[in-house]
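Starting off, we have a lone chain in the form predicted on its own, written out as structure tokens.
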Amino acid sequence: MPEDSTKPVRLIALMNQKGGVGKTTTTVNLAAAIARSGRKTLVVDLDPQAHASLHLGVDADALGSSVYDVLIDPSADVRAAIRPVSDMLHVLPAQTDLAAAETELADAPDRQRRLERALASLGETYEFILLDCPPSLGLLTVNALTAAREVIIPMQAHFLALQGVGKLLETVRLISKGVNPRLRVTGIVLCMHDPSSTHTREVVGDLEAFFEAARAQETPWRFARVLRPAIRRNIKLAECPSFGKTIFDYAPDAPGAADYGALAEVLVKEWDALLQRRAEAPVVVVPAPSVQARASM
């Protein structure tokens, strides 16, 4: 990369319209694992239930400002709403009044880009930004998909969950065709995973076959895959939100910590490899037109 180029930010939306699939658990613990690897990371809580904020020990009732204020007021200072969790992990928290944002923004001409503009104002402060979307496909999720460059879908390997993936992908396709042509689906994270189940193996096989068949198609999920490792079913992952801690602070030796740590390592290594390829790419210099050429213009 040229020396004066802007440092890239990996901006990932985690979404699933079905609740209880491990979306917020994945957002929080994956972000924590990435931060533990030395990367400055921000979690953006876009769910009016504020579960990601609570999971990270933030008392939503005690906040002076939140993501709601950032979305409603374009002049609001996003930095003033961000709360530190650790040196490398911060959160832009939510409050329950975020539920009113969709109605209040209904007539705003730039309602889809409020979050994108707020995050752009952060510049190079964070290397990774993870967006915890609400379990719906409304305006808050559209804001996340407009701001993001990637989508990760946490889900359980169940037949009904598999049926819902198609609707999620079509939503991504619509956003990519309209307001965010750079949006791509990175893949699926399998949560509460039980590899011993025949049904689970069949669903995973169907997912892998679906993504493989999409390789030749011009879709936002052309290069998507089932991400590894899967996150094993682990009671410690269910317990740690009630203590306002990530799995790494609550039970660092639990299987959940090992799985999210390994998944974060995969994503960070891929990111570093991409940045390295960009840095090594030859810079194409377009020569200025000659005096004779300029004279003929």
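Everything numeric in this text was worked out from a predicted model, so none of it was measured. Each residue number is its position in the shown sequence, starting from 1.
Not pictured, yet referred to below: the form predicted in complex with a small molecule.
- Only one of 246-254, 31-39, 261-269, 227-235 places residue heavy atoms within 4.5 angstroms of the small molecule in the model of the complex, namely 227-235.
- Residue contact with the small molecule in the model of the complex: Leu183 places no heavy atom within 4.5 Å of it.
- Proximity of Ile129 to the small molecule in the model of the complex: non-hydrogen atoms within 4.5 Å are absent; the residue sits far from the partner.
- Mapping the unseen interface onto this chain, Val78 falls outside it, with no heavy atom inside 4.5 Å of the small molecule in the model of the complex.
- At the 4.5 Å threshold, heavy atoms of Ile175 stay clear of the small molecule in the model of the complex, well away from it.
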